[in-house]
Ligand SMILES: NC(=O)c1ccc[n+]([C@@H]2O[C@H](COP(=O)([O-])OP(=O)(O)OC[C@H]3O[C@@H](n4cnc5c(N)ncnc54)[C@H](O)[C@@H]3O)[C@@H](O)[C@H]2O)c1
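Encoded as structure tokens, the following chain is the form predicted alone, with no partner shown.
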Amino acid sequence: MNYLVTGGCGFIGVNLIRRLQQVDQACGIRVVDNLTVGMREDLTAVAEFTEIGEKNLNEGPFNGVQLMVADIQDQRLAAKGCKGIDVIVHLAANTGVIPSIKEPRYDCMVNVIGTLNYLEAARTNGAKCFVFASSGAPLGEQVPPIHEEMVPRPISPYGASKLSGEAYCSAFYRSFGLETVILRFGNVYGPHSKRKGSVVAKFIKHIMAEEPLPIYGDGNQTRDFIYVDDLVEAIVLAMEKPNISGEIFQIATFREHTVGEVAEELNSLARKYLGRSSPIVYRDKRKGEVRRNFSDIRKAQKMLGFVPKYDLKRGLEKTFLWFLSLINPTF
């Protein structure tokens, strides 16, 4: 199989590439990334790769990992890069509520036009499967647990742009027969997240720097935190399972944890491994963020066979130790 992973130098991307090479050692993986967040060194940490440009782009089957430095807004390179590709996993996005509020037009161009470019490239090049990374943001403020039958009501431009991507996936399946699968990720954390700005990675980086842990609001806002190995397994299942085209799946743990709980657990790990902890500081609540969010994953369990293996405590410890190994390789 030949895979194309947009955003493949990012946190989820490098973990997925490592897993794909375990699943199929003879596979070819083409990474498309503009290197604004993930870097070459992040990809190097999990795989040897060859960097290619438009002139030496192989349009047929290939082996190993290739990196094509490109922006997903480039329609022409999307069309060329998807030639010979069997499965496309579209991870690249302008992520986060706050960046989308600051620059809603940019958020739209990346998340809507970028997604459309790769759907169209998949269609015209005869790709077998297109997996789209979405989130709970399209649903907005809902009474949890959130599930696939809820009516979307996004409260941020990010949620609106992700909802548009979901809609285009549905349209390309129903209009053109392109086998699309939409995965709404919970709050993902784990190794290789040093450039990620989400709460777990941010808190750990503050702890390592001996800085306070900032919580926006009272700390009782909740999320469904999923360890990256579990999430990557869901992506692999979405590629392999038959008769799931056009479907949406919540990919999370079906557990609700507060941000304050995460801070306390990470401070507990800091005391265990570093002999110290960081003070928690509370700041004003940020606009566009939902109060409570966790997911009902029974549809994914039934149709994908998805069963998360990591609880929060175990996943946080593995993540904390990975960050610690960057400072002290003996861990």
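Keep in mind it's a predicted model, so treat the numbers as computed, not measured. Don't overthink the numbering: it's just position in the shown sequence, from 1.
This next part talks about the form predicted in complex with the ligand, which is not shown.
Legend entry - The unique member of S156, T95, N117, T253 whose heavy atoms fall within 4.5 Å of the ligand in the predicted bound form: By the 4.5 Å heavy-atom cutoff, the listed residue in contact is T95.
Inset, instruction - With the ligand left out of view, choose which of A133, C169, I204, A122 has a non-hydrogen atom within 4.5 angstroms of it in the predicted bound form. - result: Only one listed residue qualifies here, and that residue is A133.
Legend entry - Output flag, E148, M239 and K302 jointly within 4.5 Å of the ligand in the predicted bound form, heavy atom basis: Looking in the predicted bound form, the three residues E148, M239 and K302 all stay beyond 4.5 Å of the ligand (heavy atoms).
Inset, instruction - Considering only heavy atoms, tell me if F320 and the ligand come within 4.5 Å of each other in the predicted bound form. - result: No, F320 stays farther than 4.5 Å from the ligand in the predicted bound form.
Inset, instruction - With heavy atoms only and a cut-off of 4.5 Å, decide whether L316 touches the ligand in the predicted bound form. - result: The answer is no: L316 has no heavy atom within 4.5 Å of the ligand.
Inset, instruction - Determine whether any heavy atom of K196 comes within 4.5 Å of a heavy atom of the ligand in the predicted bound form, and answer yes or no. - result: Result yes; K196 sits at the interface with the ligand in the predicted bound form.
Inset, instruction - Consider G38 of the chain shown here, and say whether it contacts the ligand in the predicted bound form, taking contact as heavy atoms within 4.5 Å. - result: Flag for G38 set to yes.
Legend entry - Candidate stretches 84 to 92, 206 to 214, 254 to 262, 171 to 179, one within 4.5 Å of the ligand in the predicted bound form by heavy atom: Among the listed stretches, the partner-contacting one is 84 to 92.
Inset, instruction - For the stretch 209 to 245, return the residues whose heavy atoms include at least one within 4.5 Å of the ligand in the predicted bound form, in the order they occur. - result: If the 4.5 Å heavy-atom criterion is applied to the ligand in the predicted bound form, 209 to 245 yields nothing.
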